[in-house]
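Below you'll find only one chain, the form predicted alone, shown as structure tokens.
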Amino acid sequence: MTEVIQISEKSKDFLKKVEEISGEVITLCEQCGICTTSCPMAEDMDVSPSNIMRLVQIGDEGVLETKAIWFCASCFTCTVRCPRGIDLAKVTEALRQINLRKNTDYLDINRMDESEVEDLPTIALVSSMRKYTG
């Protein structure tokens, strides 16, 4: 029995935005799970690759808050093995772009203790300094 899910206009807009940026037809995903089983990073993700696709299909913007979209290494293993030829790496890149375009600051070194700053990767510090020194 197939479950019918009603999707709001806002959710449809999110799906359309991801499809537009990625160039992929996300609704073609049939949730077979091959992307998850072939992903070398799947065990480190908080949401599996197939769940990323499902969340985007139903227009759940909560997918932008997952760590999984940042763990995708763009190795294209999922793309090569996908029976529908969907490039999941392009989808995760689109999600990262949407997230970055929100321009939300998650790291402000001015509000951190010295011990926290010492543990940060150098690239994070350089990036933060560039952002705050115009």
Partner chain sequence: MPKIGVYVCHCGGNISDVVDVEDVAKFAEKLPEVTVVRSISHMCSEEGQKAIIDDIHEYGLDRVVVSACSPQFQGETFKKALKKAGLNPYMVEMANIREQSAWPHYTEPEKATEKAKILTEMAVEKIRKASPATPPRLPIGKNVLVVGAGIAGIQASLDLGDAGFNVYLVEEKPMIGGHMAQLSRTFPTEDCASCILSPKMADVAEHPNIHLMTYSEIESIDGTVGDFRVRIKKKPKYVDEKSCTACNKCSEVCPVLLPDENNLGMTLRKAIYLPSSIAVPHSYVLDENACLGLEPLRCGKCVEVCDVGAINYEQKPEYVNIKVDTIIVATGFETFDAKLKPQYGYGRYENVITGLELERMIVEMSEGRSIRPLGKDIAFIQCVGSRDAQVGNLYCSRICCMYATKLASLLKRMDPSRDIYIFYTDLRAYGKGFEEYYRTAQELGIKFIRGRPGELMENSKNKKVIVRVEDTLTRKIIDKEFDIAVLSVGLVPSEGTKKISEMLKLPMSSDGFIKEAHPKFRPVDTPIEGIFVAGTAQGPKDIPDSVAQASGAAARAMRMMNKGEYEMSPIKAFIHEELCDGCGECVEACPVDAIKMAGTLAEINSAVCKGCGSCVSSCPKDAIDLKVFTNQEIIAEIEAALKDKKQGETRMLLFADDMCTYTLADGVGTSKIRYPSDVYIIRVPSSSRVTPKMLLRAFELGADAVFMGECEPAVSPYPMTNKVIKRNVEEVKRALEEAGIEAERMQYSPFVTVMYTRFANLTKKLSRMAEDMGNVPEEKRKKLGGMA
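Residue numbers count along the first chain shown, from 1. Please read these numbers as outputs of a predicted model, since none were measured by experiment.
Another form, the form predicted in complex with the partner chain, is not on view; read the next lines as being about it.
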item: Any non-hydrogen atom of Leu64 within 4.5 angstroms of the partner chain in the model of the complex; value: no
item: Close approach of Gln97 to the partner chain in the model of the complex, 4.5 Å, heavy atom; value: no
item: Contact of Ile26 with the partner chain in the model of the complex (heavy atom, 4.5 Å); value: no
item: Non-hydrogen atom contact Ala73 with the partner chain in the model of the complex at 4.5 angstroms; value: no
item: Non-hydrogen atom within 4.5 Å of the partner chain in the model of the complex for each of Asn110, Asp119 and Leu125; value: no
item: Contact set, 29-60 vs the partner chain in the model of the complex - heavy atom within 4.5 angstroms; value: Glu30, Gln31, Cys32, Gly33, Ile34, Thr36, Thr37, Ser38, Ala42, Glu43, Ser48, Ser50, Asn51, Arg54
